[in-house]
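First, one chain by itself: the form predicted alone, in structure tokens.
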């Protein structure tokens, strides 16, 4: 085994995996008496994981990449800037979700399974970033996916979560099989799935064959990983799954899991870039981004279920992120690093903007037991902290200054303008979609905060526990901080963007 500063690479994964085992064992041994403490145990392991990742920031920013490798041809994990970014974003939202769930699920049974699966899902997210070969990235992708299935269907007492969880599992399984076919094609011809070894291995293959390999393998992997990333037309599972899952899980799914799926897709395409000059990944991704953002916003316009509206909004937000990555890859030639900066900054912001919005929706659901916007009239006045937080998170999602969504969307627009040509048309399309999203964002704010009427259920409101409100406040504050002081977020976003850009366009 060859190691380089292995503690920063192995320890975060170990903490999440061991934390899952500890939380489950503690909850099972103590049964109902100790189940309330499993959330605290999960939170402590998540905090420890984040602490380890934060200590690695200076070394990674200096260009040192901690790694663990098994030779020959074994597992190779590296805490490169992209992995560090994904790990910090994921574990930060994990901490918020764990703390929120302690009170929101306090009357539920089986919470030891909930927290164990939540930590396993986060371990999968981190592993996608750490893996330096496509097969092990696929393994971590599956860990993330499999852990998320039962979390969507956590409330098995009603049919809706079971139906949504089953549909999600079936579509995700189909996507996983499709991606595996793509990986198999690559392995047959390249003899390796190491990200930095696929290109050299295919250099001796006839150019016409390479183009066919890139087309088939790239298409299959994009379709397979695209299911998890909710790329239209592979998005149909998302509105049901995100709306019926426990709100802490909805925050994780929309805040980081679907983004991890997109990063898996991008990592799968990295070794194929440049092998077939006539195939342009950037333009293809931009076209799918355009359809995804338009359809996501149009579907959200007609929703009266608050969580379902937020879930449809996530589809549109993924369109913005995809468009940013498309600018980074280039629509018809060399891309721009600003595209990757905008996309990754939007992912970082989405962790708090959409995570916070889902937590607010969960607080409303906790208080009046409904997701129907028409029954939430005036609830923001009864729960002022939650109502104000919801308003700020929604405005941030729409790109209102001075919040984080404004910063990321500025970067995306600048990337499109720098790319020029066709990219400028896509920028105008994104701006049109931002305006379109006001058609459902503003009415929801008006209903919750400014309605002169008060819903019948709002008059019988149940108090929201302080811990739930505190986690919502934390997410909202990060949404503001990353907008007012973007240099804080750029500290981990810029190195990750530079890493991605150099993978697609080596010096």
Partner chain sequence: MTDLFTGYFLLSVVIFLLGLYCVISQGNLIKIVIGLEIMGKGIILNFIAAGFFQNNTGVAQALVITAILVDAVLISVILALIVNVFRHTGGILADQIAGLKG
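As the structure is a prediction and not an experimental result, all values here were calculated from the model. Positions refer to the first chain, counted from 1.
Although not depicted, the form predicted in complex with the partner chain is the subject of the following passage.
> Answer yes if any heavy atom of residue 239 is within 4.5 Å of a heavy atom of the partner chain in the model of the complex; otherwise answer no.
Yes, residue 239 is a contact residue.
> Do residue 428 and the partner chain share at least one heavy atom pair within 4.5 Å in the model of the complex?
Because no heavy atom of residue 428 falls inside 4.5 Å of the partner chain in the model of the complex, the answer is no.
> Is residue 142 close enough to touch the partner chain in the model of the complex, meaning at least one heavy atom pair within 4.5 Å?
Yes, residue 142 lies within 4.5 Å of the partner chain in the model of the complex.
> Wondering, does residue 167 line up within 4.5 Å of the partner chain in the model of the complex on heavy atoms?
Yes.
> Considering non-hydrogen atoms and a 4.5 Å limit, which listed residue (193, 407, 306, 130) is close to the partner chain in the model of the complex?
It is 193.
> Would you mind picking the one in 365, 299, 210, 434 that has a heavy atom within 4.5 Å of the partner chain in the model of the complex?
Of the candidates 365, 299, 210, 434, 299 is the one lying within 4.5 Å of the partner chain in the model of the complex.
> Among 150, 163 and 180, does every residue place a heavy atom within 4.5 Å of the partner chain in the model of the complex?
Yes, because 150, 163 and 180 each have a heavy atom that approaches the partner chain to within 4.5 Å in the model of the complex.
> Quick check for you: of 169-177, 375-383, 256-264, 333-341, which stretch puts a non-hydrogen atom within 4.5 Å of the partner chain in the model of the complex?
So the stretch in question is 169-177.
> Can you name the residues of 109-134 that have a non-hydrogen atom within 4.5 angstroms of the partner chain in the model of the complex?
None of them.
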